[in-house]
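First come two forms of one protein chain, each written alone as C-alpha cells, so that there is a structure 1 and a structure 2.
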Structure 1
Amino acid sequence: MEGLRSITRKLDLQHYVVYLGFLAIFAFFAITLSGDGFLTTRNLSNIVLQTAPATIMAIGFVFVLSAGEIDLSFGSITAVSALAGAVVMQDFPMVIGIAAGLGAGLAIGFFNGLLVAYLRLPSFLVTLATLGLFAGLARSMTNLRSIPVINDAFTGFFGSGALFGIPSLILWTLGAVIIGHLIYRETRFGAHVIATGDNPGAARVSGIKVPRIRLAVLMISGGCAGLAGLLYAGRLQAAKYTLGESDLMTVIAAVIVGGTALNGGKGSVVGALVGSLLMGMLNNGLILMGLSVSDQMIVRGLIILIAVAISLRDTGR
C-alpha cells in the first residue's frame, strides 16, 4: 500500500485523475456502446452542448473555491438571469436583454460578495440563504410561468447558432475556458485568488486586499451563472424558474474531480471543463446503455464517488 502510494505520489495521479478518468470512461462507452450511436458526431457534440451552461458555472466556481469561499446560490442566479433576460427581451432589443441577464448575475454576485467580504459572514451560510432567496424571487418574478424567447438573433447567438460550422454553445464554452484559464493562471489577480484561498492571513500581510478578492470571486461566479442562464434561455428558446436548479451537485462534482481543492488555494479551469464533460458523458452514456432511471443514478453516484476519492486522496483535502 505504501509502495503504491509512493508511486501514485510520484506520478501525481491526483493531478491527472480527471483526464485519465475521462479517457477511461470514454473508452468504456466507445466500446460497449459502439453500435448505439455514442461515437457519432451528433452525440459527441450533444455532450458538449448540453454541458455548456454547467461548464461556465463551474469556471466561476473554481475561482470561488480557490479563494477559500463557496457559492451555493449560482443555480438560483442562473434562473433569475435567464428570466430577467427573457422578460426584458419581450419589449426591448437583444442587447438590453443580454445586459439585464448578465447584470442580474453580477448584481447578485455583488450582493453575496458584500455580505461575505465586508460583513464577514461565512459564504456557505450567505449563499445558502441567497440560494433560497433568489429561487423564490425567480418563482415570483413570472408567477411560475415560462417566458418564451422569440428573438432569433438571441437564440442563434446563445443557443442554436453556429460560426464556421461550430455551434455557438461550443464557442462560448471554449471562450470562457480560455479566458478563465488565462485569468486564473496568468494574471496577478489569479495569483491573488489562490494566495487568498491558501492562507488569507499571509495574503493580507503580503498586501493583497483580501475582501476585494472575495467580493470579486463571488461576482465572477454570479457573472458566470448569468451567462449560463442566457445560454439556457437561448438553447430552450425560453426561460423558466427551474433552470440551473439541478446543476449545483453536478458543478461541485465536476470542479472537485477536475482538481480544485474544496478548501481553497488550488484549482484548475481546464480540469473543471474536463470534469464537466465527464459528468455530461456519464449522463449520456448511462442513458444510451438503456439503464433504468434509478440505476443510472446509482451508477453515476458510484463513479463520482470513486473519482472524487482518487482526486482527493493525499491532498489533505
Structure 2
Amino acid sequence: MEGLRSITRKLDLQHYVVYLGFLAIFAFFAITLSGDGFLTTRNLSNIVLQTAPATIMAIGFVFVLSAGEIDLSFGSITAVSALAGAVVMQDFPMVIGIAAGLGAGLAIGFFNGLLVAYLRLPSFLVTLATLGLFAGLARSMTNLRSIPVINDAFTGFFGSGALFGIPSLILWTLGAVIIGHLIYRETRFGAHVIATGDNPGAARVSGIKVPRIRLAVLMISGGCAGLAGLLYAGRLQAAKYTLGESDLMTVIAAVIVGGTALNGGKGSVVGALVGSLLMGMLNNGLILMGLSVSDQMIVRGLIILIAVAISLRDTGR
C-alpha cells in the first residue's frame, strides 16, 4: 500500500488528467449517444472544425499563463481582428485584409504588454479593462452590423477550403500546435517564458529580460486571437462583433485542464489542444443530449473548478 502511494505521489496528476478525462467523456457520449449520431464521421469532424479558433487562442494563452500573467481580452481581440480584416477586404486585396486582421491582434497585444511589462500594471486588471474597451470598439466599428466576407480565396484559405482532402481549419490547427509546441519546448525563448513564470526574481538574476518576455507573451496571445478572428471570418464568411465573445471560459478551461499551471512556470501546448477538443466534444455531446445553453455553462464552470482544484493541489497550495 505504501509503495502504491509513493507511485501515486510521483505521478503528475495534472499532466494526465486531460487525456484521461478526454477518453472518459468520449466513452460516455459514445455509449449514451450511440443512436444520435455522435460517432459519425461528420459529427466528429465538426467538433474539430468548430474548436479550431478556440485552440489557436488557447495556444497563446498557454504562453501568457506560463509566464505568470493572464489575458482576458483575447475574445475582444478576436472580434476586432475579424472586423478589421473584413472591412479592409471590402476595398483592398486579400493580403492587405489579412495583414490588417493579424496586425490588429498584434497591436492590441503590444498595447497590453506595454502596460504590464513597463508600467508594471497587473495583467488581470489591464486585460479586464481592454476586454471592455475593445468589445466596445468592435461594436462601434460597424454599428453592430455584420460584415460579409465574399472573397472566395480568403474563405477557402481560412475556412471552407481543403488541401489533399484535409480541411484548412484542421491544417491551421495542426500547424499552430506544432509551431507553438516547438517554440515552447525547444527554444530558449520558451525556457525563458517558463523561468519567468516560475520565479521572476531568479529569472532576472540569471539575465532574462523579464519585461520583454511579458511583452512578448501578450503579443503572442494577441496574434493568436487575431488569427482566430480570421478563421472565424473565413468559416462563417462574415465578421461580427460577437465573435470570440463566448470563448473566454472555453479557452481558460481548455488550457487549465490541459496542464498549464495557474501560477505560471508550467504548461503544455499539446495539452491545450486536447483540452480544447475535450471542451468542444463536451459542448457537442450536451447539445445532442438536449441540454440548454445555461446547463452547458454550468457544466463548463464545474470543469474549471475541478481543473483549478487539481492545479492548486499539484502546486502544493
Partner chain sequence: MKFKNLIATASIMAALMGTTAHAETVGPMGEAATPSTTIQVSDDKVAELKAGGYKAALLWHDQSDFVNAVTLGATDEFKRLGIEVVATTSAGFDAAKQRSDIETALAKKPNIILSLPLDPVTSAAAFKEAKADGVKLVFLSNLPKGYQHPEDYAAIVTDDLFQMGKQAADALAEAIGGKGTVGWIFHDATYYVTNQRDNAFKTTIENDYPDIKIVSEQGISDPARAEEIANAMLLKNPDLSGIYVTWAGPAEGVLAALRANGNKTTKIVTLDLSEPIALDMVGGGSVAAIIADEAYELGRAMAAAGARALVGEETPPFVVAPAITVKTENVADGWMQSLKRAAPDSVLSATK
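The term rigid core refers to the most C-alpha atoms you can superpose between the two forms while keeping them within 1.5 Å. Residue 1 is the first residue of structure 1, and the numbers go on in sequence order from there. Please read these numbers as outputs of a predicted model, since none were measured by experiment.
Structure 1, not structure 2, represents the form predicted together with its partner chain. After superposition on the rigid core, the Cα atom of R300 is displaced by 4.3 Å between the two structures.
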